[in-house]
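Presented below, as structure tokens, is a lone chain in the form predicted alone.
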Amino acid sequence: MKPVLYLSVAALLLSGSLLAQTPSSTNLGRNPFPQIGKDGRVTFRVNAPDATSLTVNLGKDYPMTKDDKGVWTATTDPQVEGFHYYSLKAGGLSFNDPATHSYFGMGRWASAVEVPGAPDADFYTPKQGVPQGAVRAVRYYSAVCGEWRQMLVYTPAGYEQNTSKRYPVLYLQHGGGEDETGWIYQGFADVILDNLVAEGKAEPMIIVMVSGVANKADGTGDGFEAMVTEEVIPFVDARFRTLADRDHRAVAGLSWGAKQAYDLGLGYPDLFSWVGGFSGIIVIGEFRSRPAGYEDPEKFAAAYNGIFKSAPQFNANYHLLFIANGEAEGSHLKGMSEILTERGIDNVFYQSPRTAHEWLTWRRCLYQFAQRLFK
């Protein structure tokens, strides 16, 4: 039997502890569960009388308890504010909660909750009276990958009306297990830019989001860089009113997408002059740990075809190198930024308070990054 949401208002009112809770904004329709308490605890309730066991996974497994009517309930530990994926589990199978919208994350469509209470939530909250841009789903053919693909393209408010104006472009990459929809549905990139532009804090810009999973058609490996540099950028410049030069082209990404952004931005200095990485490392040589390459002058100087060999030249060529992560992710990227600074490489470091490897971190990173672009 497919689990359905338990909608008993009477049961809700009988539980005094739930009166202080509010439904997650990710719930479908008027479904009251999942609910989020003022302390950040999330309560799940599912009607599945034929199930023999149910578990909810939100960061860790929480076994659900069944009552005499077949309704399963579980409450999590307090969660930090922001967006969190979760799954229901039964018989070794993970599946979506039918009470919520689904989002592509964890390598599949998954359920999620939005924990309110972030003190700065205003910057990613839609507002009446703020001119809204548009998000288009655009199909394009990639000869590199041998397939039709989809990109999402954000155009700022006024793009359709002011047909003589051209705009700078930000190429924005998702993280591992996600796709081109992530920065809109999980990250609210369009809302963030609408609000920033309306407040005069950011320049109107086009944002292009493509899937980072791009295998070559001949099966010889990853075709992402070739696809973006040889196909996506020319396609966007031909299809949209862009300012088609490196001074008006930026790239950024989160986690795995940060690595892709660094590879593009530092590996193709003829195409990009604004580079941002959120929760991802700049790889110096064939290593993953910071000291192995950053403290080796030869490896450092050789990275990205020698982009860091001359600090004065790098600083003259690049308008911005932006490095950011969440406070709960540790000091690794802060150390990376400090070593770059010690070697004379100008960069900006930002850290999202309290958050870890999660979407509130990356929303804040985009908010900070976008304000620095194209100025």
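From 1 onward, residues are counted along the sequence shown. Note that the structure is predicted; figures quoted are calculated from it, not measured.
One more form of this protein exists, namely the form predicted in complex with a further copy of the same chain; it is left out here, but the text below deals with it.
- a further copy of the same chain is not shown here, but in the model of the complex it comes within 4.5 Å of a heavy atom of V46.
- a further copy of the same chain is not drawn, but in the model of the complex it has a heavy atom within 4.5 Å of N96.
- The shortest heavy atom separation between L28 and a further copy of the same chain in the model of the complex is within 4.5 Å.
- Although the partner is absent here, G146 sits close enough that one of its heavy atoms falls within 4.5 Å of a further copy of the same chain in the model of the complex.
- The stretch that touches a further copy of the same chain in the model of the complex, counting heavy atoms within 4.5 Å, is 154 to 162, out of 73 to 81, 271 to 279, 258 to 266, 154 to 162.
- Checking L320, M336, L54, I345 against a further copy of the same chain in the model of the complex, a heavy atom within 4.5 Å turns up for just one residue: L54.
- Proximity to a further copy of the same chain in the model of the complex, taken as a non-hydrogen atom within 4.5 angstroms, holds for one residue of Y167, F224, Y185, F300, which is Y185.
- Although a further copy of the same chain is not shown here, in the model of the complex the stretch 92 to 125 places heavy atoms of G92, L93, F95, N96, P98, T100, H101, S102, F104, G107, R108, W109 within 4.5 Å of it, in sequence order.
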